[in-house]
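Here we start with a single chain on its own, the form predicted alone, put down as structure tokens.
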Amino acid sequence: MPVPAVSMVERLVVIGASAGGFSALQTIFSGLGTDFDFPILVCKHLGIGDEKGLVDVLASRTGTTVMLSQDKLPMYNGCIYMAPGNYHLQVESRDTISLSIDERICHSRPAVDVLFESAADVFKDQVTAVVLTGANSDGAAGVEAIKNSGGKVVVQSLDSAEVKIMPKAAIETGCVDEILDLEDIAAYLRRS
């Protein structure tokens, strides 16, 4: 894995996914290429111990720098940080992430809401949240926090989602800026 150069984090992308999320993440990461100028934090619901295999496969298939998040880990532009199983992934400051074992949200830890709400608190209007396929409503409260802080919200279209419950819950908040087919999300993130 290449060591990233030190860089100032000016904007952030956070992604939430659940059932069907592996394939969706692979599509987005492949579309981004390797030279995007922001960090990406990802909360995908998964079982304890499943995350290492997910990180390795996504990195090898997409060519991107994907790593498993650790407490107090610095963020670098051009890197993707995955939440470990059984820990909430949070934005601690503009250049540091943290982990917690607070209560489960929507029966999930890591929870999308926790990641999105912490990103909204720190990055305000410099964060873009993406809600992908999934089988519960986790992420809906986080979408409202992102929108209320001035950030942008993108949701995978229901037609392109393998499981529609998570994107549908996000759309029903009325806080969504864009509803895009999966294949169009990477291009949107690069130009926004």
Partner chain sequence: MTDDFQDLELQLLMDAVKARYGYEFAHYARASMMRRIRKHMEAAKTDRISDLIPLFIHNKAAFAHFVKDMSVTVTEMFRDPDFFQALRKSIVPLLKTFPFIKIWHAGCATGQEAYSMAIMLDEENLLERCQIYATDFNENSLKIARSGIYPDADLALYQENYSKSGGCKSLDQYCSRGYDSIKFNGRLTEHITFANHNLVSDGVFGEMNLILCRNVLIYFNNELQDRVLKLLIDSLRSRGILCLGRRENIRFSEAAGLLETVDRHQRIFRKKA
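Residue numbers count along the first chain shown, from 1. All of these numbers come straight from a predicted model, not from anything done at the bench.
There is another form of this protein, the form predicted in complex with its partner chain, and it is not shown here; the text below is about that form.
Colleague: With its partner chain left out of view, choose which of Asn136, Ser69, Thr128, Thr64 has a non-hydrogen atom within 4.5 angstroms of it in the model of the complex.
Modeller: None of the others qualify; the residue that does is Ser69.
Colleague: Can you tell me if Leu99 lies within 4.5 angstroms of its partner chain in the model of the complex, counting non-hydrogen atoms only?
Modeller: So Leu99 counts as contacting its partner chain.
Colleague: Please check if Pro84 has a heavy atom lying within 4.5 Å of any heavy atom of its partner chain in the model of the complex.
Modeller: Pro84 belongs to the contact set for its partner chain.
Colleague: In the model of the complex, is there a heavy atom of its partner chain that lies within 4.5 Å of any heavy atom of Glu144, even though the partner is absent here?
Modeller: No, Glu144 sits far enough from its partner chain in the model of the complex that none of its heavy atoms falls within 4.5 Å.
Colleague: Counting only non-hydrogen atoms and a 4.5 angstroms cut-off, does Gln90 reach its partner chain in the model of the complex?
Modeller: The answer is yes: Gln90 has a heavy atom within 4.5 Å of its partner chain.
Colleague: Each of Asp159, Lys164 and Arg190 near its partner chain in the model of the complex, meaning some heavy atom within 4.5 Å?
Modeller: The answer is no; none of Asp159, Lys164 and Arg190 reaches its partner chain.
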